[in-house]
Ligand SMILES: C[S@@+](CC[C@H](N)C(=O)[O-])C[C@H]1O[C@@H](n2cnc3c(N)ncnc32)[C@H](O)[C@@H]1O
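Here you get one chain, nothing else, as structure tokens; it is the form predicted on its own.
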């Protein structure tokens, strides 16, 4: 019976994500805030049908997103707090992104992706995921906010797990809004940095670096890392970049880093590194791996697979550093050969 119930819970996963996504789109967490509200009050605030909203709230209560304090009256539960947009640990943008129809539609063709080994996103929209984002400003902004939200916890761990103070110039390739580089430069106060990403990727970098107090030690550069990356850094960082792409494109990115860095430079790859055998205690990286297959054509990889990519691009992996907390992330250090 336990196995049967577990399977049923997985089958209802789509419904769960839609319930939580609807709550985010209605702004229920922001409307509730620190208060308890009757479902009729919430229906008026969200312009929804009172009876239907009560049913949604009951489902959210069953998932512990909200708590029903009295019949028909609700407040936020601990799991619902990150849906508030006014919290520093907000995950609202991530929920909105991953329940957006543009991403959900490609999941309907997961079987096709498994049969062909090719992402279904491009077949649906006529272009790859990142090119599609470039044509959708609102979705692109949501993607950037999601990357910021999900990157901050690991970005805070990385400077504790690795000594950046020995480097003069740290270049963050695909660094987005500068969340990671801001954390690195905050700890390495004599170092300078460069955030490099597409024009849409770096759109909010100035605000992030200024808020962190490191803008005077950082340059923002837009470009295409398949064509060239900034030269002159003694450390090049690639965080959550290689898992977006297939092997050939990964090698191209690594080769561009190799061309740009001096002989004594180093490369630091920050990725979720899969163990050789499946770790059932942490399903997240394996589910992310399928997401990469369906939407982007990339993949999560083992240490050996990252070492192979590095060798093909002229790098030798010299060390693999785990992060300070038990996450699946590792810091793969490599040098040009």
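Here the structure is a predicted model, which is why all the values come from computation and not from measurement. Positions refer to the first chain, counted from 1.
Keep in mind that the form predicted together with this ligand is missing from the display, and what follows is about it.
- The putative spot formed by 236, 301 and 322 is not touched by this ligand in the predicted bound form; no residue has a non-hydrogen atom within 4.5 angstroms of it.
- Comment: this ligand is not present in this chain, but in the predicted bound form one of 99, 156, 85, 240 has a heavy atom within 4.5 Å of it, namely 240.
- Proximity to this ligand in the predicted bound form, defined as a heavy atom within 4.5 Å, holds among 130, 107, 164, 125 only for 130.
- Here the chain stands alone, but in the predicted bound form its contact with this ligand, taken as any heavy atom within 4.5 Å, falls in 140-148 among 185-193, 140-148, 91-99, 111-119.
- The closest non-hydrogen atom of residue 73 lies beyond 4.5 Å of this ligand in the predicted bound form.
- In the predicted bound form, residue 244 approaches this ligand with a heavy atom inside 4.5 Å.
- In the predicted bound form, this ligand lies farther than 4.5 Å from every heavy atom of residue 248.
- Heavy atoms of residue 77 never reach within 4.5 Å of this ligand in the predicted bound form, leaving it off the interface.
- Contacts between stretch 156-175 and this ligand, counted in the predicted bound form as any heavy atom lying within 4.5 Å, involve 174, 175, listed in sequence order.
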